[in-house]
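Below sits a lone chain in structure tokens, taken as the form predicted on its own.
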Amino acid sequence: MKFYVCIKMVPDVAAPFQIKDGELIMDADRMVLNAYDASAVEEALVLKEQHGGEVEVVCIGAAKASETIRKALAMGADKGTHITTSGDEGFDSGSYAAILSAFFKDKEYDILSLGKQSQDTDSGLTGSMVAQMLDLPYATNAVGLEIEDGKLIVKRQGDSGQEMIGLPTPCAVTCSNDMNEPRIPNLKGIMASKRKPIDTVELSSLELSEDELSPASKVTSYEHKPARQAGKKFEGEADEVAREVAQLLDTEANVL
């Protein structure tokens, strides 16, 4: 089976950051593989170990993104593709979806997987957009994957419980970071990753229009969330406190 996993290089959200003049400033040296994508890579590797095949990762980004690809190769992926950009384009979910769809339109594969969201923006939109653009059967927020009789069986977390969905291949799925514990590359895997191929694809070669790449949304500024107001403490007899609270809820909070 052929597995493609889309991965993204993101800032380490555990690193210190600051907001200055509406700009979010993070440590540019602390870039990591998106946690949701790491779970998607791990699950593809598990399915490959069970059923055979090949796992290829695809990453969009500037030159530094090759380090993220090497991390996935060290985990056990067979091959990587780096779609190169300057890193300053300000792409949004729609831009990334357009790029990935243009790349995959003439590719053959069984399962295309992505993290359900990226930990830097938490938008969670790219996977569904890619599935729509490629007209693929699709399931989101997967917490488990199995292959039975040529179908992908997706265990997903729904609003009221877990659901089981069977998808014919080729298909797309987005993965939760609750589905597994991604393996930590060992020394053997790290050394092997240095010999694994990474293909480079220039963004311009995908022949996307300016409209397709232009972000439809834009972050105008960042602000610290406002401090919470101190709570009100009530003292006295229970019936008196209850009447006072009810009056405040009615006159000030307007919830009664």
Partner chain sequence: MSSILTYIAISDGKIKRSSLEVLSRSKAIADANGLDCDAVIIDANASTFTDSVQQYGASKIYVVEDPIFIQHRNTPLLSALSKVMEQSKPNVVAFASTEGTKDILGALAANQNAGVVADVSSFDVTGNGVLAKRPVMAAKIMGNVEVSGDTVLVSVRSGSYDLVESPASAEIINIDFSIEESDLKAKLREIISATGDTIDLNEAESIVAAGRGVKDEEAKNLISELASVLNAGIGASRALTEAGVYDPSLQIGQTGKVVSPQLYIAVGISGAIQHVAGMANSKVIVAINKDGDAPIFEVADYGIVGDLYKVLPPFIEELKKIKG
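It should be emphasised that the depicted structure is a prediction, and the values quoted were computed from it without experimental measurement. Throughout, rigid core stands for the largest set of C-alpha atoms superposing within 1.5 Å between the two forms. Numbering follows the first chain given and starts at 1.
If you look for the form predicted in complex with its partner chain, you will not find it shown, but the lines that follow are about it.
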| query | finding |
| --- | --- |
| Heavy atom contact within 4.5 Å of its partner chain in the predicted bound form, the stretch among 106-114, 120-128, 67-75, 80-88 | 120-128 |
| Residue 223: touches its partner chain in the predicted bound form, heavy atom cutoff 4.5 angstroms | yes |
| Residue 155, heavy atom within 4.5 angstroms of its partner chain in the predicted bound form | yes |
| Partner contact for residue 164 in the predicted bound form: its partner chain, 4.5 angstroms, heavy atom | yes |
| Partner proximity in the predicted bound form: residue 208 to its partner chain, non-hydrogen atom cutoff 4.5 Å | no |
| Heavy atom within 4.5 Å of its partner chain in the predicted bound form - residue from 201, 26, 62, 31 | 26 |
| Contact set, 130-164 vs its partner chain in the predicted bound form - heavy atom within 4.5 angstroms | 132, 133, 135, 137, 138, 139, 140, 141, 148, 151, 153, 155, 156, 157, 158, 159, 160, 161, 162, 163, 164 |
| Core superposition between the shown form and the other one, C-alpha change of residue 21 at least 2 Å | no |
| Rigid-core frame, C-alpha of residue 212, shift of 2 angstroms or more between the shown form and the other one | yes |
| Sense of the change in Cα distance from residue 16 to residue 229 in the predicted bound form - at least 3 Å versus the shown form | closer |
